[in-house]
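One chain is shown next in structure tokens, namely the form predicted on its own.
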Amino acid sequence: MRKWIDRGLPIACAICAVACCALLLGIVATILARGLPVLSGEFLSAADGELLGSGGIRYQLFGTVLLVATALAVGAPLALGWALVQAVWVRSQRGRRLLRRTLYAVNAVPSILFGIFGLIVFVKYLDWGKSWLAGGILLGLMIVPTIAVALVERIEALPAKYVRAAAGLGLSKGRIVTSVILPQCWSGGASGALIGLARAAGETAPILFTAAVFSGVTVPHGVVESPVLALPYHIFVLAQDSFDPEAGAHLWGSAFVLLALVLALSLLALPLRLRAAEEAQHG
């Protein structure tokens, strides 16, 4: 019986992997086929038109990139600090377990709750109204666990001999972090950041309440009452309110651009993850 299980498990895993890849390719092909009529350079570079689902997605794409860049600027330092505290400065296993469980708990919070939190704090309490900065901060908080966990795993896989050798040379813990740990473990943090940004780029709920509108704005010129256009919210509105075939093609074209952005970030993270795994294995 065990022999059959040993032989059948790899086959079952291979079948599941092929099925997942086929499903992903099918989704991408379907979105591309339906959005192909509007996909062009003009579609990416033109502003949206006056009619629903007309024009291009220049400012939607710009707003998405702005939100993602802000999320990286907010989330990366927080995740770096959290990972270093958990993996380097906290010595007790109980403390490390508490920090790890807190990360998992934050990662499990539904995105809609982040949106409601942003609505209460930034829109109502701070009176920012809809603001690109509020949306970027929320997305940055959402990706902290993804970046921190990836970095912690890489730091914990770092051979202890490197740290001992640095300590033997008289380096302080801060110098060990900047001279040994971070140069050896940057690939883990970078891959986690790219995966987190791929998630942030596709989120709708947090920016729905705090940052995004459907039309009427271009480039923000401040923080207060300074919303942006964004691809996820644009797609959401078109999917809810549009039954026009032309607007439907605009919807699928926008969906393909967003999917391509998310896939690009995920694929960029893949070699970094493989590098981190190889370094951990041969370190």
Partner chain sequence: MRSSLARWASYGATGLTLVFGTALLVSFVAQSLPVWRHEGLAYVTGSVWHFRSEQFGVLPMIYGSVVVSIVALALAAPLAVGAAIWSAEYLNGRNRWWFKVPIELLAGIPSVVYGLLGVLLLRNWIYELFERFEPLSGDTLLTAGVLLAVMILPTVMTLADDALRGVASSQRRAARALGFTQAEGVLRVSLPQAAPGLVAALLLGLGRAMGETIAVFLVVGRQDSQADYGLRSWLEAGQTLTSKLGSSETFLAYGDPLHWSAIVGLGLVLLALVLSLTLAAGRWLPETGLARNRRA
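Under this definition, the rigid core comprises the largest set of C-alpha atoms superposing within 1.5 Å between the forms. Residue numbers count along the first chain shown, from 1. Keep in mind the model is a prediction, meaning the values are calculated, not measured.
Another form exists, predicted in complex with the partner chain; not displayed. Remarks below refer to it.
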Report yes if any heavy atom of Leu272 sits within 4.5 Å of a heavy atom of the partner chain in the model of the complex; otherwise report no. no
In the model of the complex, does Ala73 have a heavy atom within 4.5 Å of the partner chain? no
Using heavy atoms and a 4.5 Å limit, would one call Thr30 a contact residue for the partner chain in the model of the complex? yes
Exercise: Phe117 in contact with the partner chain in the model of the complex, heavy atom 4.5 Å: yes
Want to guess which of 56-64, 41-49, 215-223, 248-256 is within 4.5 Å of the partner chain in the model of the complex, heavy atoms only? 248-256
Scan 205-231 and note down the residues that get a heavy atom within 4.5 Å of the partner chain in the model of the complex; none is a fine answer too. Ala205, Leu208, Phe209
Is the shift of Ala19 between the shown form and the other one large enough to count as movement, that is, does its C-alpha move by 2 Å or more after the core is superposed? yes
